[in-house]
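Just the one chain here, the form predicted alone, laid out as structure tokens.
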């Protein structure tokens, strides 16, 4: 066998890796979950559900019938380890061999955490646009600090997207969750490990989200727009799965874990500020976003963020101004890959503007 030539010094090397996943997307797709459980050979299913998805969870529990072993309705945002420990007691007591997570990011995160501790397979049924279901990433909070890890085994093996499950989302959550998804596409464009595939997915996701979101906000019952928004969030989630996160996600993790903040609202209010901070140092990402959004990215995203009638500043979320510097120093000391070095002074100024 001939020797493999060494990569020339300084020459870029593209590495693209995927994880196996079965995706079902379409109106009424949630009705396929029992069949998916059967396909996986499940005999004792644990249904993890957010309280906001109680009606859909009741419908799914009835459809699962005798293979439903238990329901756990206590997922919490940022996946606190104390809640995971509580759910693990249910897993052990029922000897669950499959976790079905129904709801927003809190349910999906808990499903991942349980699978990571037990090795049982997962089916994710997201009801928001958070995107976690498409990624091999798990963020957990312990002692007021959120840490993340990445491992292919963390990704759900089956994801079921049903746009009908998103219709009951309040307008505020619809907006902030969609901007959370947009953040996944944005960060993929300036990631150091971006590829032609992730660039294409991120550009398409950004264009679709910013096109469909205003239509959904104008008519929350418009299922075609809901379906387009959900499929765009899926594409953005794939981007998050394939690239490394940057300053935007690091700030969301640091602030969210420290001050126990709502994940989607935090992403939505931070995104215009991080775009303004990073885009001058990321000309390729700026050009692609300008094309996808058909305008200045900071202006387009800022206009969408201002449609939110809820908290729009860090101060509105209860973040103390005197706590901003510590977050900036934490980020600066252990930065995620980012096109612009996140010096503590500059990140403090960014957070002050967001505050």
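Positions refer to the first chain, counted from 1. Values in this document were obtained by computation on a predicted structure and should not be read as measured data.
Keep in mind the form predicted together with a small molecule is missing from the figure; the text below concerns it.
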{"property": "Residue 115, heavy atom within 4.5 angstroms of the small molecule in the model of the complex", "result": "no"}
{"property": "4.5 Å heavy atom contact, residue 71 and the small molecule in the model of the complex", "result": "no"}
{"property": "Residue 208: touches the small molecule in the model of the complex, heavy atom cutoff 4.5 angstroms", "result": "no"}
{"property": "In the model of the complex, residue 239 touching the small molecule (heavy atom, 4.5 Å)", "result": "no"}
{"property": "All of 106, 128 and 137 with a heavy atom within 4.5 Å of the small molecule in the model of the complex", "result": "yes"}
{"property": "The small molecule: the contacting residue among 166, 122, 250, 243 in the model of the complex [heavy atom, 4.5 Å]", "result": "166"}
{"property": "144, 192, 224, 170 - the one with a heavy atom within 4.5 Å of the small molecule in the model of the complex", "result": "170"}
{"property": "Interface segment, criterion being heavy atoms within 4.5 Å of the small molecule in the model of the complex, picked from 90-98, 74-82, 273-281, 228-236", "result": "74-82"}
